[in-house]
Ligand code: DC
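The chain below stands alone, shown as C-alpha cells; this is the form predicted alone.
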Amino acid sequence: MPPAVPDSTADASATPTAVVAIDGPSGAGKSTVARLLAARLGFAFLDTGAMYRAVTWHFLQSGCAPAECAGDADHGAARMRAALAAARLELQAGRVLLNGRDVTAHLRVREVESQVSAVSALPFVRTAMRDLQRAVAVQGPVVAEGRDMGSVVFPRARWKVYLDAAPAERARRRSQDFERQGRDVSAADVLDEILVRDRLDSTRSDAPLRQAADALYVDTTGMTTEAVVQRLYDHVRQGDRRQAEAP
C-alpha cells in the first residue's frame, strides 16, 4: 500500500463533490473499472488518462515531446506550451477528439506510452488538464480515474478509491491489452515499463501518485473485473445510505 497524503486544500471550496475519484498505478484496471462503474451508477465517465495520452500524442505530432526537445534551453517548454494552447480537447461518448479529430485509436501506441509520464509531470499540462477535468465534473456526477483525482483534482470528492495490484499482475493485464491490439510486446518489457512509470509517477514534484488519506484502498490482485466493480458500487451505495441516515 502506498503512503497516504493529506488531501489538497488548494481551491477546495470550488471543486465538485459528486465524484467517484479512482486513483492508482498503471495497469491496476482503473479505466475498465471506472467505465463499468459509471455505467452502473448512471454517472458520466471521465477518463483522465486518455486526456494525458491525447496531449502526449499531440506533442509527438508537433515534434515537441519531452524526449524530442531535451536539447532545448528550456527543454521544450515554450514549444509544448504553444502546442497545448492550440489544442482543443473533447471527450465524447468514450471517444477522444483533438481539434475535431478522433484520436482514440492512437492513445495506446508505444510511442505515447513511453512519453506520457514525462508529459504528465509537466506542471502547465497538469494545470490545464485539472481545470478541464473540473469543468467536466461540475456538469453532473462523474466517475473519474487517474493518478491524482482524490488527492489534488477533486479533494472534496464524496467517494475516493485507490486501486492497486502487484506489479506482475499489472504487467500481465497490460500484456493482454497489447495482445488484443495485435501488438507483440514481451511480458518482461511490459513489467519494466510499468516499474519505470511507477517511479516517474510517484516521484514527480507536481501532484505525484499518492493515495488520498480518506480513500478506500482496494488490492485487485486476483480479483475479477466484475468483483472490483461490485466492491466499488457497494462502497458508493453504502456512502449514500450513511448520508441519508445522518441527522
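Because the structure is a prediction, the values reported are computed rather than measured. One-based numbering along the sequence shown.
Keep in mind that the form predicted together with this ligand is not shown, yet the notes after this line are about it.
Mapping the unseen interface onto this chain, residue 137 falls outside it, with no heavy atom inside 4.5 Å of this ligand in the predicted complex. Proximity of residue 156 to this ligand in the predicted complex: non-hydrogen atoms within 4.5 Å are absent; the residue sits far from the partner. At least one heavy atom of residue 117 is located within 4.5 Å of this ligand in the predicted complex. Put simply, residue 210 is far from this ligand in the predicted complex: not one heavy atom of it is within 4.5 Å. Relative to this ligand in the predicted complex, residues 29, 233 and 235 are all farther than 4.5 Å at every heavy atom.
Here the chain stands by itself, but in the predicted complex one stretch of 159-167, 91-99, 143-151, 76-84, 143-151, has heavy atoms within 4.5 Å of this ligand. Contacts with this ligand in the predicted complex, taken as any heavy atom within 4.5 Å, map within 173-210 to 197, 201, 204.
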